[in-house]
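Take a look at this single chain in structure tokens; it is the form predicted on its own.
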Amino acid sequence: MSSEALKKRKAKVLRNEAGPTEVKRGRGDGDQQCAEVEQKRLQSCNHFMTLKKLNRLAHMRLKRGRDQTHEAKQKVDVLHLQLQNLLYEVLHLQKEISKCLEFKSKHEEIDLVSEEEFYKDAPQEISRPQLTKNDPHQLTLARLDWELEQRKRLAETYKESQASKEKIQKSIEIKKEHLRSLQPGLNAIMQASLPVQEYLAVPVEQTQKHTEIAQHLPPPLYVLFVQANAYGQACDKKLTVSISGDVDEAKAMSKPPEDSQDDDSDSDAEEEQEKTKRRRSTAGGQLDDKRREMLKRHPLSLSFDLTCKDGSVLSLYFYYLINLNIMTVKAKISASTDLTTAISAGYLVKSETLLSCLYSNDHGTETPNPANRYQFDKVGIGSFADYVEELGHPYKWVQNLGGLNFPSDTSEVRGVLVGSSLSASHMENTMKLLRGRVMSRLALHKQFASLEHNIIPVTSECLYLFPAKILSRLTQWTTITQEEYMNLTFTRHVTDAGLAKETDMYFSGVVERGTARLQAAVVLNPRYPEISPLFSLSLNWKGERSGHTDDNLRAMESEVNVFKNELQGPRPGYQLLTNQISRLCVCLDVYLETEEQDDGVEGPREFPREKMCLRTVKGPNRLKPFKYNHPLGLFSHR
């Protein structure tokens, strides 16, 4: 026990003089507590030593675990690296295998003979069938050897042929030289044979004159003249080509007149427009000087006479506008029959519309040369369509026949081509289209003459398309304008779809039976019969009905518009329009005869059933049987 504690205890004992017994008791308790404290101190030291020992053991075990974990991770990393190496080797081997599988040898591009021909033609020392039949590789090598052998033989043959060709060319040159020496003698013979040509009516001299005049034609007309003559001699003996115009003036035109736009300006054009407004218009619609110079035609022109099978003649007159560098054409039909009998068909044979849309979207009202737009702005010409009646139509096919090819993707014309190859590629097809156009228009003209008298002409080849008895009759057939057609309520779906164009022809027909009146509005494309007519229907019977309100009227429109191939008739299908009208009459009969009668009305039916039908109606729309079955004479649904 420390000295300080004893001093304190002694002080307390001295101050407590009255209790000696208590002092003794306190001294004994203090000794006991000191012993306990000492014992506790020894125990705590032992515990601290044990704690340090356990802490040291924990650290050693942790280090040992970390070392073991590190060794295991190293082993795993080594194994993972070995795995990645193996996978890389596998991927590399797979790529090499795929390269080997996809490898294409040069011999695969060689067209080798078949195996049958190889074993048949190749000698035994090359084919070796005992080895090659069981080994595809040896077979391929043998076939390649045989191919090499054949090519060596062909190369030798080629050399021999080349040597023979050179010998033949030398002999040809010698013969050509001999023929050139005969030219003066032949000219003398031709001059001596002129009286014989006149007596036998052989136009050798006339052909020579045409050839001489043709030298003064502008390049497009010359190309057309040459190609038309060649086509007429080779393919079409009924095509006659002639040259007309002032030859002396053509000879005097050594240089083409300069374009007016070279010395004009925008102010000059405005002054010309002001002068033009002040001038009085003449009866002939004369052009002013600048415009006349711009629209000047070459003094020479070409005339084509294309004779058809029925004796009708299509006359074409081709002109060349010098400053505009385009060709125009005028047409005229000379038929063996009177073309003034059908009033509604007058539009069909007009020279202004006869050749319209011979090719798709080729209306012939605007110039195909993009440069002309700038030329027109210089002299105040608004549109070439105002001068078409006087100058002719600049159809695109006319430019092609003359070898003129105008680029359409740029506003600047560069390198306008004039080539005989372009003309030759379009000549045959254009002549066929021209002859087909004349035949179709004349056939329509003849049909319209009958339709205006309420007669539907049906040829004997097409009688099987219709039943023997048709009670509905055509009572009216007239021509209408595009505005009148667009004002009809039941044609709105056609105009909204863009199927009614300015170049089309429009007609109206009325089919009647009893109190029922069916009106048909017809759109006739200029390319008929290649593009079929389009019918729109309206029925006035017990109220007004149309395809919008009546499913059966829509089905009738489908019969004549959609199933038109059944009504085409013999090629090329000139009877399509009249067959469509006849089918319309038959469908009206079926429509009226299969209509249910009102039970409240007594007496006989207004339209008794004359047609045999398997079923009168079908489906939720109650469609009627409009399809005619010729062998059985029955009407059925589609």
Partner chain sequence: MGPVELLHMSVFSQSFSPCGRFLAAGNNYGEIAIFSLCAALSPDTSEAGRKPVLTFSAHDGPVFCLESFGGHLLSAGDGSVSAWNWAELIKKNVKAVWTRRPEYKASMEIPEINAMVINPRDNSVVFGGGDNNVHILDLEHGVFKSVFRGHTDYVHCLSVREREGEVLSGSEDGAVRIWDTRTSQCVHCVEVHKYQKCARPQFGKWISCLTTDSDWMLCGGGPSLSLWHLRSLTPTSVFALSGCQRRATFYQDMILAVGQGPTVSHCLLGGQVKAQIPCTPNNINSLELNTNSAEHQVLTVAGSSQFVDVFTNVSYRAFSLCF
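These figures come from a predicted structure and were not determined experimentally. Positions refer to the first chain, counted from 1.
Omitted from view is the form predicted together with its partner chain, to which the following refers.
### Query
Is residue 31 a contact residue for its partner chain in the predicted bound form, using a 4.5 Å heavy atom cut-off?
Heavy-atom contact with its partner chain at 4.5 Å: absent for residue 31.
### Query
How about residue 530: is it within 4.5 Å of its partner chain in the predicted bound form, going by heavy atoms?
No, no contact at 4.5 Å.
### Query
Should residue 497 be classed as touching its partner chain in the predicted bound form when contacts are defined as heavy atoms within 4.5 Å?
Looking in the predicted bound form, residue contacts with its partner chain include residue 497, since a heavy atom lies within 4.5 Å.
### Query
Is residue 596 close enough to its partner chain in the predicted bound form to count, meaning some heavy atom within 4.5 Å?
Close contact exists here: in the predicted bound form, residue 596 approaches its partner chain to within 4.5 Å, heavy atoms only.
### Task
Report the residue, out of 554, 363, 373, 209, that has at least one non-hydrogen atom within 4.5 angstroms of its partner chain in the predicted bound form.
By the 4.5 Å criterion, the partner-contacting residue is 554.
### Query
From the list 315, 229, 561, 503, which entry has a heavy atom within 4.5 Å of its partner chain in the predicted bound form?
Of the listed residues, the single hit is 561.
#### Entry: Answer range among 522-530, 157-165, 543-551, 436-444 for contact with its partner chain, defined in the predicted bound form as heavy atoms within 4.5 Å
Of the options, only 543-551 has residues within 4.5 Å of the partner.
### Task
Identify whether its partner chain in the predicted bound form is within 4.5 Å of every residue in the set 618, 632 and 636, based on non-hydrogen atoms.
Yes, all three are in contact.
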